[in-house]
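Just the one chain here, laid out as structure tokens, in the form predicted on its own.
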Amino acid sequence: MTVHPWLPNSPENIKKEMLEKIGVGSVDELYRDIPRSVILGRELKVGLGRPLSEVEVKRIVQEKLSRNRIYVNPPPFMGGGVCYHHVPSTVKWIITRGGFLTAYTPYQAEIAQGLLQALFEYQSLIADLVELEVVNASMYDGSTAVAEAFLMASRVTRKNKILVPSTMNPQHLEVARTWTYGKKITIEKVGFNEKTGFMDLADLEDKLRDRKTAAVYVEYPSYLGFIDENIKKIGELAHSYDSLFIIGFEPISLGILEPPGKLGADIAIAEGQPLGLGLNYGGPYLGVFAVRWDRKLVRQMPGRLIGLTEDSEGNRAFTMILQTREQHIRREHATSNITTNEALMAIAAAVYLSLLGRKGIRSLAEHIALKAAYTASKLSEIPGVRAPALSSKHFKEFTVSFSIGYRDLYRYLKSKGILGGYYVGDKYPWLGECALFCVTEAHSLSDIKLLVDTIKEYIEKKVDKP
């Protein structure tokens, strides 16, 4: 390899000295555990072969950005765990304050009181929302919160099986399997009713009988948008076999649905994206994590807790009261290796919830539920369309099945400037040609009419063809 202009250690004499210092004969020896078939056999081609000026870099980046298609009018109708919501300008302005935007982990409480208080307020607001006593601050996103909850349940119960819905968010399931693999934790799906999507209670109890289950996990509402009406019974069954009960909830839905605490949840997790975070090209997002007050549960929580106390002069003070990360005092006894968490996203959620208030979140949830139900009813009036595809109550997201191939319809919608539902027929074949749609407060009645009319227009064209 020749000397690389951007790699300060690329000159041969420097590499040789470094390798001699660590007792290695060549750079290749550092990668001997990696299969040769996956190692690039040439120099990495990066950049344009020369340093670029700021003007040149900006032009290249702007050209690439210009290829992006941004769907604003109408907003995306695509479901799948994260959806388009209105983000108040206030949220963005507050989190761009220097004290929040540039702040790192608040190791020194005496100079980070503002940041610590903001995180304490986030914990308090989420605790009120879910009606559980202890909330951490916070996790990376919904998928990592799920995985951490599974690991935590296994540590607390000393069992290694987790039971999950067959309709579980496939991305979350994949992350959970990856994170729990090294701990030899088995994740097993429970049977379900194909008409409603509800978990099969008989199959659940049958799988619980060996008493090896650390926890039963449910989504509320589910990944497919339906609300399982047996949530409380599922929790009672889990507890009767000495298993923990974990609920993955949608934050805004709690404006009208019973909170996880009232449903008997031991652990509640969520993707916090709906709470003022936008879509952000896939992140950063926010993992919400809460537990009921139980010393065993609290001591095994991942992440950190912010507490309120008094200083030596009796003044109110905030500090980190539980730090289970490996780079703090826990070291090899840490419950999680989460490091710089996305605290800024937690602060954004706190600002958003503060703006809404108790009445606001209820009003918003009602608005979304009615608008989604209205959209589903209008779609179901189109011949060859069934919405929702499952005969259950839904919130925000719902499945729509089609008598024709959905992928071609999806491309047609895109050609008309509409980002349609997310195809799930390959993941849930029993639903047939099916897509997951999402409707929120950001969609106007004219947006919904445009979607319905365009789908109707396409299907009529397909039917009229000889």
Partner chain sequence: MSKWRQSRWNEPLIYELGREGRIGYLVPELEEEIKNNVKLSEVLPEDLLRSSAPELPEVSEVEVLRHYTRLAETSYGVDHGPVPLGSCTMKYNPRIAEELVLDERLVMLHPLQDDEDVQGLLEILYELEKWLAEITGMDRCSLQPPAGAAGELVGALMIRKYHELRGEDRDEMLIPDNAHGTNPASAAMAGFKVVRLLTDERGNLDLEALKAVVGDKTAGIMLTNPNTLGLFEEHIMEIADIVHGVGGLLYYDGANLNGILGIVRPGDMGFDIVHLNLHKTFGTPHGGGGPGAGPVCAKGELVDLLPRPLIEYDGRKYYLDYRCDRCIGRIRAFNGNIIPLVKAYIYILSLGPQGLREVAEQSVLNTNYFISLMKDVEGYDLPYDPSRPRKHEVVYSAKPLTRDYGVTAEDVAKNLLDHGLYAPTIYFPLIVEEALMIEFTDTETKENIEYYARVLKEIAEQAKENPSKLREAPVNTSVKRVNAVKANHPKYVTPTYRVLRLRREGRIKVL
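Whichever C-alpha set is largest while still superposing within 1.5 Å between the two forms counts as the rigid core. Numbering follows the first chain given and starts at 1. Keep in mind that this is a model prediction, so the values were computed, not measured.
The protein also exists as the form predicted together with its partner chain; that form is not presented, and the subsequent description refers to it.
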Problem set entry | Contact flag, I111 vs its partner chain in the model of the complex, heavy atom cut 4.5 Å | yes
Exercise. Does G282 make contact with its partner chain in the model of the complex, using a 4.5 Å heavy atom cut-off?
Worked result: yes
Exercise. Is the gap between G99 and its partner chain in the model of the complex 4.5 Å or less for some heavy atom pair?
Worked result: yes
Exercise. Is K212 close enough to touch its partner chain in the model of the complex, meaning at least one heavy atom pair within 4.5 Å?
Worked result: no
Exercise. Do all of V164, G417 and V463 end up near its partner chain in the model of the complex, with near meaning a heavy atom within 4.5 Å?
Worked result: no
Problem set entry | One stretch from 187 to 195, 238 to 246, 344 to 352, 201 to 209 that, in the model of the complex, holds residues within 4.5 Å of its partner chain by heavy atom | 344 to 352
For this session: Taking only heavy atoms into account, state which residues of 204 to 220 are within 4.5 Å of its partner chain in the model of the complex, ordered by sequence.
Result: Y220
For this session: Would you tell me if R50 moves between the shown form and the other one by 2 Å or more at its C-alpha, with the rigid core held superposed?
Result: yes
Problem set entry | Post core alignment: P35 C-alpha displaced by 2 Å or more between the shown form and the other one | yes
Problem set entry | Post core alignment: S446 C-alpha displaced by 2 Å or more between the shown form and the other one | no
Problem set entry | Shift in CA distance, V57 and T96, in the model of the complex relative to the form shown here, given it is 3 Å or more | closer
Problem set entry | Relative Cα spacing, T96 and K58, in the model of the complex - shift of 3 Å or more | closer
